[in-house]
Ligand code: BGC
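Below, in structure tokens: the form predicted on its own, a single chain.
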């Protein structure tokens, strides 16, 4: 198999989110969802991967793997357990984590919102209530005051399009609504929150004396295709699906350009509200009618049933770059492979796309560092480079994790590495 070198500016990292790995009895919306028996499994967020207690061990694992940058989130419900009440012990805990990862040579990338809300915030209407934007921005201010001397890289909101559609269009995420008008309102409010947060983080860190701030969002991007390439109706359905799910969202969040069905509730001026293009990419949707999420029998799939389509990463990067020409950070890219039988092939294929990219790509965060709590499916779906035995909490670096470690060390995939780690592997058909 052929080897390849990676772009010189590309930093290689991994990502996690707080609720999916920390554990603990935290009053956030997903733990409340678990209590309401709305998950597909009986697993508990209270256990997860116990990272809240084992954070030093996990950072040591990253350091041994050579991970250059780590995208992680802080839990809003830990930091602000009651409205206006901030937990200094939780803040100090996160500071210790960040300080230690820096000590280990790992650059932090801090995500401020990753799907979970404090229960008290949700009961006030969450992001469906425009007046709650100031509450989110208060939390952002506390986070920057607490960590701004340590962290220069920020993701304000993770996958606002997934958060809105899955939670407010009958897709099973909290709060479990099925109201497209609420989807429109939530996305409009969140876009305003991102724009104000972008400005606030820059302003606060400038006052601290820093000029290296990088702020963006992590937008979930899908490649789209018709089931029948000769169908004009299906082609129009692709355009509609892309527009509603990601294009209109990207324009609002990145450029402050609000187009139907979103609304400019804050009177924001068009501009540039990102320092990088955060791309979360996993799969491709095939479409017959708008909103479809279909796969073809002949296409390779992972253990979630998602199509494996590495070249789609190049497609969505180009689409975002056309909206806002900024460097790309692949803020999430991973695969559900419970037995680690083809993750190394996925890494080989996905990074080969970046090696050939004509667009500047500065970061690649594999999702996920650890096997984690995969939202509705709990402990049953494994994305990690590091295996977690949830009963014992023992960590073991997988073969794909060792492959990634060598990629980082060489900043390349050599022919020898490809032969040892990738040759003979195949995706599911």
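Numbering follows the first chain given and starts at 1. Since we're looking at a predicted model, the values are computed, not measured.
From this point on, the text means the form predicted together with beta-D-glucopyranose, which you will not see here.
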item: beta-D-glucopyranose contact at residue 32 in the predicted complex, heavy atom, 4.5 Å; value: no
item: Distance check, residue 367 to beta-D-glucopyranose in the predicted complex, heavy atom within 4.5 Å; value: yes
item: Residue 332 within 4.5 Å of beta-D-glucopyranose in the predicted complex, heavy atoms; value: yes
item: Non-hydrogen atom contact residue 224 with beta-D-glucopyranose in the predicted complex at 4.5 angstroms; value: no
item: Among 107 to 115, 132 to 140, 246 to 254, 184 to 192, the region lying within 4.5 Å of beta-D-glucopyranose in the predicted complex by heavy atom distance; value: 107 to 115
item: 100, 120, 86, 306 - the one with a heavy atom within 4.5 Å of beta-D-glucopyranose in the predicted complex; value: 306
item: Listed residue (50, 362, 68, 374) with a non-hydrogen atom within 4.5 angstroms of beta-D-glucopyranose in the predicted complex; value: 374
item: beta-D-glucopyranose in the predicted complex - contacting residues of 130 to 160, heavy atom within 4.5 Å; value: 158, 159
